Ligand SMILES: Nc1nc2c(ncn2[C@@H]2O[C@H](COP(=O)(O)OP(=O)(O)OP(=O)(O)O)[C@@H](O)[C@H]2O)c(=O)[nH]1
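Presented below, as structure tokens, is a lone chain in the form predicted alone.
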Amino acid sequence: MDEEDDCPELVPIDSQPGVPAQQIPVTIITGYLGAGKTTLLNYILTEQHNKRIAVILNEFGEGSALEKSLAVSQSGELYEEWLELRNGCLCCSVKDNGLKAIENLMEKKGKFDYILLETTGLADPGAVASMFWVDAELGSDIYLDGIVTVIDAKYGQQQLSEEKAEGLVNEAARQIALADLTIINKTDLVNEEELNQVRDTVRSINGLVKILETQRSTVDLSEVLDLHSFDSHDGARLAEKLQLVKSTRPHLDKSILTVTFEVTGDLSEDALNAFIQDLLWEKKFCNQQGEPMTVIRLKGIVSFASKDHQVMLQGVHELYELNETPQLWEQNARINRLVFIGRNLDKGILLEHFTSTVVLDTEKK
């Protein structure tokens, strides 16, 4: 290549893909070192899937399978370089958080139709996801499709049980809390009882997440791509999912858990914003032990008195959005459904604050 950062022309694939959408979806893939992220990316990059995918690797692990098979770095050092693959994909290695690589990619818009961004094993995927929310210029070109967390069936329970210093969040648990999809990998290395234990722990942390189980990270790509987890146009599907989510009990001491509740009636938009800001920004709410509640992921469908359409609520750490969906309330009961995933959460206290300050017409369920 003439320039180190130049993006090569793509090789045509067997089936011509459709015209790329105006915005390119980005899926974040996270998980502990050794869980199988690299194997998953290697599988995606070598499968024929009729998509032109750009893969951004935040960091190459030592002796990773992808590094060996693609020979990105002959001498082992890390540097940024674009590689062209025969099935129409692109691959890039970067030292930073991937933002520069995505900006470079967007200059070649139209040559690919999907971006996968792998984070380092200890990275907080929420911080990476935030890039697409706070960067308005970047957000006009791409949208966050979802967060996928890969878990090692054999060592996942041990990683999730690892105690951290006071005030620190277990990284593996946080990656699950933020996930829209979890892939429990290497299921062939554990027995049914061990697999059930990992599955139960994942579900206790994130009651909303979809779970896939696999070996060697071999998955149906339709289950991993095009999740539309942050898409307000998919409000109907989210509303259905929220009806099935139940509050969970802590599976591990001081662990992250899921709290959900339903309240019938219209909400005050200003009061809801104040409630969310007090919860996410100011950390004003404490549990019965006096510990401040920390929300890592927030989802919901809410009803405002002035709006005929359902409104989707999405939050990651301190960032949140309220977006109107195409779904009308019409004759349906206006039931607000909210799901909170985080630490030190107390359903009773959250519900009391919510109904007393946000709801205009209270009918608790």
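We number the residues from 1 along the sequence you see. This is a predicted model, so every value here is computed, not measured.
Only in words, not in the display: the form predicted in complex with the ligand, which the text now covers.
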Of these, Thr38, Asn336, Thr27, Gln327, which has a heavy atom no more than 4.5 Å from the ligand in the model of the complex?
Thr38
Let me know the one among Leu322, Leu319, Leu33, Leu298 whose heavy atoms come within 4.5 Å of the ligand in the model of the complex, would you?
Leu33
Quick one: does Asn185 come within 4.5 Å of the ligand in the model of the complex, counting heavy atoms only?
yes
Report yes if any heavy atom of Leu244 sits within 4.5 Å of a heavy atom of the ligand in the model of the complex; otherwise report no.
no
Heavy atom of Gln215 within 4.5 Å of the ligand in the model of the complex:
yes
Considering non-hydrogen atoms and a 4.5 Å limit, does the ligand approach Leu168 in the model of the complex?
no
Which of 185-193, 274-282, 221-229, 287-295 has heavy atoms within 4.5 Å of the ligand in the model of the complex?
185-193
